[in-house]
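One chain comes next, on its own, written out as structure tokens in the form predicted alone.
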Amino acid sequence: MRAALGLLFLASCTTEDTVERAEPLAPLPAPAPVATDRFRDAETCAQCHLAGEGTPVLHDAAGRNISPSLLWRSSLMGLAARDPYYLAVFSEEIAADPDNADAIAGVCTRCHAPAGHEEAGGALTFDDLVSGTSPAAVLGRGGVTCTLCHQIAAQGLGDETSFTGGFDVGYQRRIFGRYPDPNINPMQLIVNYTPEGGSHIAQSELCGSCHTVVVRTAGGPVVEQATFLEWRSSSFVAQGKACQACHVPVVDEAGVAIAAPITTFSSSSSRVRTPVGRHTFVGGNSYVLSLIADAIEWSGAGVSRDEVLASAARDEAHLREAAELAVVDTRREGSVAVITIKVTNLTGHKLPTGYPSRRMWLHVTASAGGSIVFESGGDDRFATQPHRDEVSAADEVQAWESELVDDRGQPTHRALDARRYGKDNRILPAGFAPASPSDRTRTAPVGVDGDATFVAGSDTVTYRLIGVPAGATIAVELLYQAIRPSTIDAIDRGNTPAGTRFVDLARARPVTPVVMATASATIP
């Protein structure tokens, strides 16, 4: 399997035993037309669901284009199988255990390349995905595509069997949407699908099938991510706020409910629909989207660099709405300046959520007389820190993150190498109260014992600083990274072509932290 992945190992001419880096993964094939007895390529859907300018069809009240095909194709849902980070880790998992390459591919493609996975009967390989020409390979590179999501049946969603890509897509060619009274004829005529009303398309259980991922490892099941379970344990459920409320919003950028025709097909183009979801699929992925934009030709995505950068900008804006940061108290205790900082989670899941390479931390500086007299969290290459309720030294950083560890207790970014979480102090969503023992076990924090201020919806951190004078200015930033620099280093050591491609991109665009929120105060 290593040969199939194109691994290149060359002896070094130095005095040390080193290994040359693998040649970078070749460019990915461009999208191509494909039609099977179950799926069509997304470009086919764009025939009626991609509107031009100067028309009310698929535009909001301010004239912004909200075409599903347009917004989806530059999101990380549309680019899920062309994501260089995903391909790097996928290839590493196989290189680490080539005897189980087929099983690994089954796990790694069922959510990132789901139509291809289904079309191949669960047998879509890494090589198929990056260079294959079969209908399954072409569909797989289409990412989380239209005719996959909109064909998922409601039965079983939210149940255990639906997790880790256990959704059900049949052979009936039924396309589900928000509206109970679709115009059937155009879709049957053009693509041989029958549209039906399906309220589950706007429910979190649909998202939960791929955003609850439990992998089987040598040490037993490991939860790679549990975003849906986190949401199911939050107050968002009682409020009726599904995942789609934030990630496929039915309001425009000004918060106005969207009402517009949703198809360019002439017989339906004047029929105004509401609600209309913007298929932006915003999340915490601005960095990865920026890498794809930098390598737009390599990606073969068939979209422009500017489109992908616009999608990255939407993700950054989304991150800035995810948390509230406040300095809630400043006081002196003798020679000690005491600053209390509170971070409130405004999302319906842990913050940050998703794949366990994401982290968020506090960058705190104290300045007096034009000079910085204290700084914590200014360098993003800090080592893994324990959860902290109090900080008193510059080398102590409060970081909220999850970190998998292997059978030796060492950090690992590869889920199939993991045995458990060594740390998970991500901020809980408001109202966090898992309803079942299973949800409680799979979403429980790790490493926060003894911190009474780590509660549902927020966490509070106290800084006790010696030598910071009265009148000093405190500046606080809440910073976010989608990928730790140490993870990029580890992938570089993995030495696969996909890893080389990803690392080269990451070295060219360092993973600069995103500023989610800021706050300031003055020491009395």
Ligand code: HEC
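In this text, residue numbers run from 1 along the sequence as written. The structure presented is a predicted model; accordingly, all values stated were derived computationally and were not measured.
Just so it is clear, the following notes concern the form predicted together with the ligand, a form of the same protein that is not shown.
In the predicted complex, no heavy atom of residue 486 sits within 4.5 Å of the ligand. Although the partner is absent here, residue 191 is a contact residue: one of its heavy atoms lies within 4.5 angstroms of the ligand in the predicted complex. Residue 387 falls outside the set of residues with a heavy atom inside 4.5 Å of the ligand in the predicted complex. Though the partner is left out of this view, residue 183 does reach within 4.5 Å of the ligand in the predicted complex, counting heavy atoms only. Heavy atoms of every residue among 112, 177 and 196 are located within 4.5 Å of the ligand in the predicted complex. Site annotation in the predicted complex: the residue of 461, 472, 45, 34 reaching within 4.5 Å of the ligand with a heavy atom is 45. Scanning 428, 222, 77, 341 against the ligand in the predicted complex with a 4.5 Å heavy atom cut-off leaves one residue, 77. Proximity to the ligand in the predicted complex, taken as heavy atoms within 4.5 Å, picks out 244 to 252 from the listed stretches 400 to 408, 244 to 252, 328 to 336, 122 to 130. In the predicted complex, 76, 77, 80, 83, 85, 86, 89, 90 are the residues of 76 to 90 with at least one heavy atom within 4.5 Å of the ligand, listed from first to last.
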